[in-house]
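Here you get one chain, nothing else, as structure tokens; it is the form predicted on its own.
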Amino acid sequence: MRKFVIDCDTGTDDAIALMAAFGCEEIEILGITSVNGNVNEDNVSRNNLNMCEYLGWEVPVCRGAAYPFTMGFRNSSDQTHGKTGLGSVVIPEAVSHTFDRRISSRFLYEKAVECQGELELLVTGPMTNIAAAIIQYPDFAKLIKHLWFMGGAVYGGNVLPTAEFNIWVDPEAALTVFSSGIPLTMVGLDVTLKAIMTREDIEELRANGSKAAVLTADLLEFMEKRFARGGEDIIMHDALALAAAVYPECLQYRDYWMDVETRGDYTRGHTYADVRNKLNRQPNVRVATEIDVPAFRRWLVDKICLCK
């Protein structure tokens, strides 16, 4: 089985991506690392730990970066994911599960060493933990087989006109990762904004009746109500990054040389893609460019129903 660590800033769609990942029989999840992003790291890590106990997942959960590399504390304050990150959903506090003693960057490195070049990373939040591991451990980047991430965009942004949230939160970390030599697949706003679930999906999940399916339905209903109030639609940004890793046929891709802008009032966090190869540089990122939405939705519902 393919070996994965999931690094996330667990808000609503991260939680759904986690449940889908535990429904993927072709991968083994070795741990979950937490990072500041959708909500502060304290809530993120608590969400991860509580989900593990509630759903019966026996994997390490690590605390991670509470701050980005620069620019102070930046976590979402617009309630896109609710106060704690799980919308209006409340799951029981973990009693028997406790956090792993290792900080996320240390855990990532130790797992990379154990897997001897076969470890893959799914990153659905800012890249602070990954960049910290790259900086702290000079051989870390060479030990990672592939990194699949939700973030960035070739065209447009959702925080600034040219910047997507996960990259904008910590562009210095993203630049460190982009420059590391780790094989990268980017699943950005160009495709994730099309990955919208429906009322039919919610009803099918609720009818399934499993803990994971009902929890997912509850999260999707929060998102549905959020959209009705003028907020973001029922968009599966993070689960689509998982799909790129395990169900790649639902997406189309292009290879680009990419850089990250770390300065500018309007461009900080921009992921620059040399789409016309004007710089004549070797591509460093595979970028998802098109999505088969019905196929993705079917796959996601099926994986949630298999989650255990």
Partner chain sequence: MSVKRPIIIDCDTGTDDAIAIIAALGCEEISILGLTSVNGNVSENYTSQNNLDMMEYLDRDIPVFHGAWLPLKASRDTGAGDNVHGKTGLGDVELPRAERRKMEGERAAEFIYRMALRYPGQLEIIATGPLTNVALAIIEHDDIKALIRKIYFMGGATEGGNVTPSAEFNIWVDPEACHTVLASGIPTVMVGLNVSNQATMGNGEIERLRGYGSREGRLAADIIHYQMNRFGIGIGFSRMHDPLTLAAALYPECLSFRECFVDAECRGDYTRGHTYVDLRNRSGRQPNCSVAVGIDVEKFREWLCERIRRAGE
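Residue numbers count along the first chain shown, from 1. Small disclaimer: the values here were computed from a predicted structure and weren't measured.
The discussion below concerns the form predicted together with its partner chain, not included here.
- Residue 172 is the only one of 120, 204, 232, 172 with a heavy atom lying within 4.5 Å of its partner chain in the model of the complex.
- Here is the short version: of 51, 65, 242, 39, the single residue with a heavy atom within 4.5 Å of its partner chain in the model of the complex is 65.
- For a residue to qualify, one of its non-hydrogen atoms must sit within 4.5 Å of its partner chain in the model of the complex; all three of 134, 258 and 268 qualify.
- For residue 252, no non-hydrogen atom is located within 4.5 Å of its partner chain in the model of the complex, even though that partner is not displayed.
- Using a 4.5 angstroms limit between non-hydrogen atoms, residue 57 is distant from its partner chain in the model of the complex.
- Taking non-hydrogen atoms only, residue 247 never approaches its partner chain to within 4.5 angstroms in the model of the complex.
- Using a 4.5 angstroms limit between non-hydrogen atoms, residue 178 touches its partner chain in the model of the complex.
- Heavy atoms within 4.5 Å of its partner chain in the model of the complex belong, among the stretches 191-199, 101-109, 82-90, 159-167, to residues of 101-109.
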